[in-house]
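In the structure tokens that follow, the same protein chain appears in two forms, which are kept apart as structure 1 and structure 2.
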Structure 1
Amino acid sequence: MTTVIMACPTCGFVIADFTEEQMAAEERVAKRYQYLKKKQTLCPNCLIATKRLKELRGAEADEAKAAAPVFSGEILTPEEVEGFEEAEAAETPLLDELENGPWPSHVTELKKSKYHMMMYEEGMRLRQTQWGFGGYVSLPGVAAGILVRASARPDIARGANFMRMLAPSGGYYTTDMLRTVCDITDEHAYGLLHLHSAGGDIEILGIPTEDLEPTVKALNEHGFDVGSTSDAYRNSVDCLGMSRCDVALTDSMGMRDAWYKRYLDDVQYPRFPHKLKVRFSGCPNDCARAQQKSGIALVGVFRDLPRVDGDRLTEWVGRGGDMNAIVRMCPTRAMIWDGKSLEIDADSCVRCMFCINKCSYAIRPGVDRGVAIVVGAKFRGKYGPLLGKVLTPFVPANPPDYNEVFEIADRVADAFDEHARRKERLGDMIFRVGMDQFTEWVGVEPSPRQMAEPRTNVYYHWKAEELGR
């Protein structure tokens, strides 16, 4: 067995180690190796940014492994973390003002924890953030890494590490679970939760470096996992779907469950050119904001018409339901309403859910249901915020493994993996190469439902083989 290790060139800290046999046998290990080889990463030990890792093999590697330093804990020492007591004693007039008012105050919450209040107060006073550079740091066993953030004010606090705990589907907790998370946070961190961050995870803030591994271990023992960092799949977000929604078309929570069963490795072993997000929405209302935020958005759709129950509608109108207001707001004027009976024009209806939302008592979504795959939404990156583009308008969603859906999602991820430039988001890549090229790479049938309208542009390319040459 030949060992391969990737170590920090400065201090010799081992960031990853595996055997050549493992690399040959497991695709994800090989991909991880390729990724580390290309990537210039932060060393968790000395925190020197972005230098190419040292690659060692065989006997040399074994030697280096034996001599490798353990965590020196340079970024945070216990004394520094406990420095909160002094900070608490200092005055925070600007933050105190935010404790007034009827809304529950986050400042009160911060004060109840071990958070360095003076970092925030100074930020408010100087009108500038007091936190410094941050990044992802791989830990043994947590390849995607946890987050570190240095401080621009070492006189108050020297920095803080935090990790992201994957939240349960739909955001449902048992109180026991939440109490366990509280216990772990109290023991190892500031005693402060972030319910939830934008990525749908709990951020546990303020973990001293030497406590990082014990924290991960404690979370794991209670059935929680960490992740959602680095150039991997981020934590996926779902709406509450069929669990408590009367208009949900697909089981978004079940789909997220199946997704995690299938892709957990890709969440924890970074291998993409940049991060990639997946979101599940049960219907076109898109409570998970999938079409605006995620590289791969799986949105529940239906193809037949909304089902109108005449008797219930009459009853609803009799109770004072305002049907005219709904008919007026139908975006395609597909509703024909004479005060007694309602008809929906099949050619006009775009299945947008408007009437169903407003009167789910009498108007129900259709039964021919599936998933639309919308790709490339994101906020930052080269071209700024881009909405997701329809890749394929309908894929059957078959529980429990949703194979048809995930196979296409796989091909999207592979195309991204293969063709994106380093630190290029999926949305930017699609913008650069064009929807025609991308659809071809993914290998789905082109559909008129992919376009808002056909192209006006008269310049398009024919390849030699398409001309039979």
Structure 2
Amino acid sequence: MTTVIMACPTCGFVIADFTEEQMAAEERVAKRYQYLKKKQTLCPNCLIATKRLKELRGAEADEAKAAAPVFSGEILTPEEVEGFEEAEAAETPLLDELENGPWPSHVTELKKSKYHMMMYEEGMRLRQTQWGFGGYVSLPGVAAGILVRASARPDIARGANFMRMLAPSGGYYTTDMLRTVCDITDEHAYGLLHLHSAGGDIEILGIPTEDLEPTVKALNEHGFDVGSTSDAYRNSVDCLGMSRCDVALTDSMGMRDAWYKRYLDDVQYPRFPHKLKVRFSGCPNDCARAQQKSGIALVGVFRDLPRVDGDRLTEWVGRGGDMNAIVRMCPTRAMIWDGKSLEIDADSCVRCMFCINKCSYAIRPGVDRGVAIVVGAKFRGKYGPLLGKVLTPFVPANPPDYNEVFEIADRVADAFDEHARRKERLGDMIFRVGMDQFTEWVGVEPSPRQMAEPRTNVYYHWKAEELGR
């Protein structure tokens, strides 16, 4: 087999290695190779930014791999390292003031960690954080796993690395799991965690460069995975689903577990033009905010009408329930209540869950359940915040593999991979090319449900030849 390596052009450290046979047989490996070929990265060994990695093949690659340096943890250039000493603890009058008063102080707890308190003190004095932006570091086996936060005050601290640990579905931790993560953090990092971050993962803060690889190994030995940075699938977020919610329509936690079994490589190895977020919501209430914050949102839905238990509804009204208010507030005016029985118009009802939320005692979701795939949501980007747009209103969700759902998600990711510009989010790409073009790339039939504003501004679908052009 012919070896192919991608290495740092400065120190020769091997970032990734493949074989030509792997690239020919596995499309994901080929895309990963193409991504690394163009990637601007930081070498984890020397932490020098490289515009392009060095590519070697065959015998030359084998020799370079054998001679490649081991992970050393050297920081930046020798000139910058020479004579460097981190600042010792000094007086922190501004932080000390935050410890005064009757309330518990976060400063007191922070001083128990290995955090550079002088960075905080200087930030308070100058009224501006002394931490800057950094970049991504590719470790062997975790090409998208590590982030570097640069220091604006190298006289105090060189910088800080942090990594994202993928959280269990639903955010359910055992006490043993949390103790293990805390022990690893105390040993290798500041002793501080972001739990949970906005992405639904755990971030381990302040890992010295020389401890990056041991930290990954320690987490892996205890069954934890890391990743969710760079231009890859980010950590996916899910709601509690059927474990706690009585109106959940799909097993969002089970779907997320199946997702990771299928796509863990794409979480840890970047291959997309930009990051791609996926979230799972068990019903249209969307407690995971999937339709606001994820490029691909998988939302539990039902196709038949809500089920109404007449006896229970009469009992609920008799106890003071206001059915007239629910009918009046129905978004599509799909309900008729004559004081004794409730009718729902199948053509008008959009299965929004409003009536179910207001009277779950008597009105329940239908039984024909599946998943709606919503695409293009985000909070930041070129065109600002964008809500997701319905791609497919209903796909069967069959556990344990959910193949029907993931096959469409695969086509979405492939269209994004092929047509998006560099550093362009999925929502920005759809905004730029239009929903017509995107549905054609994905191979999905256009639907009236693909609309910008319900009932007022639907997308029009036509082809040029239909207009006589």
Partner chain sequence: MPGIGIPPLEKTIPPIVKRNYGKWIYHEVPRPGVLKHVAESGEECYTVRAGMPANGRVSTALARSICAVADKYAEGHLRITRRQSLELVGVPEAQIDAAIVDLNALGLPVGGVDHTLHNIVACTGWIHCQFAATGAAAISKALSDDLYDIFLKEDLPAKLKVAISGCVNNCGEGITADIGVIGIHRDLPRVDDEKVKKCEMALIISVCPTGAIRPKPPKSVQVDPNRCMHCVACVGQCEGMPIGDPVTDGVAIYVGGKSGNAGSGPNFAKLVIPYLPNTPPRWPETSAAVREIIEAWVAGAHKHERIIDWINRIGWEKFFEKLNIPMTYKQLDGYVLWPMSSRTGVRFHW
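Bear in mind the structure is a predicted one, so any value in this text is a computation, not a measurement. Here, rigid core means the biggest group of C-alpha atoms that superpose within 1.5 Å across both forms. Counting starts at 1 with the first residue of structure 1 and goes up one by one along its sequence.
Two forms of the same chain here; which is the form predicted together with the partner chain? Looking at both, the form predicted together with the partner chain is number 1.
So, superposing on the core, is the move of residue 311 at the CA at least 2 angstroms between the two structures? Yes, shifts by 2 Å or more.
Taking the rigid core as the superposition reference, indicate whether the CA of residue 58 shifts 2 angstroms or more between the two structures. Yes; that C-alpha moves by at least 2 Å between the two structures.
For residue 261, does the CA position differ by 2 Å or more between the two structures when the superposition is done on the rigid core? Moves: no, less than 2 Å.
Please give the CA displacement of residue 334 between the two structures, in Å, after core superposition. The shift comes out to 4.1 Å.
Taking the rigid core as the frame of reference, how far in Å is the Cα of residue 360 displaced between the two structures? For residue 360, the alpha-carbon shift amounts to 2.5 Å.
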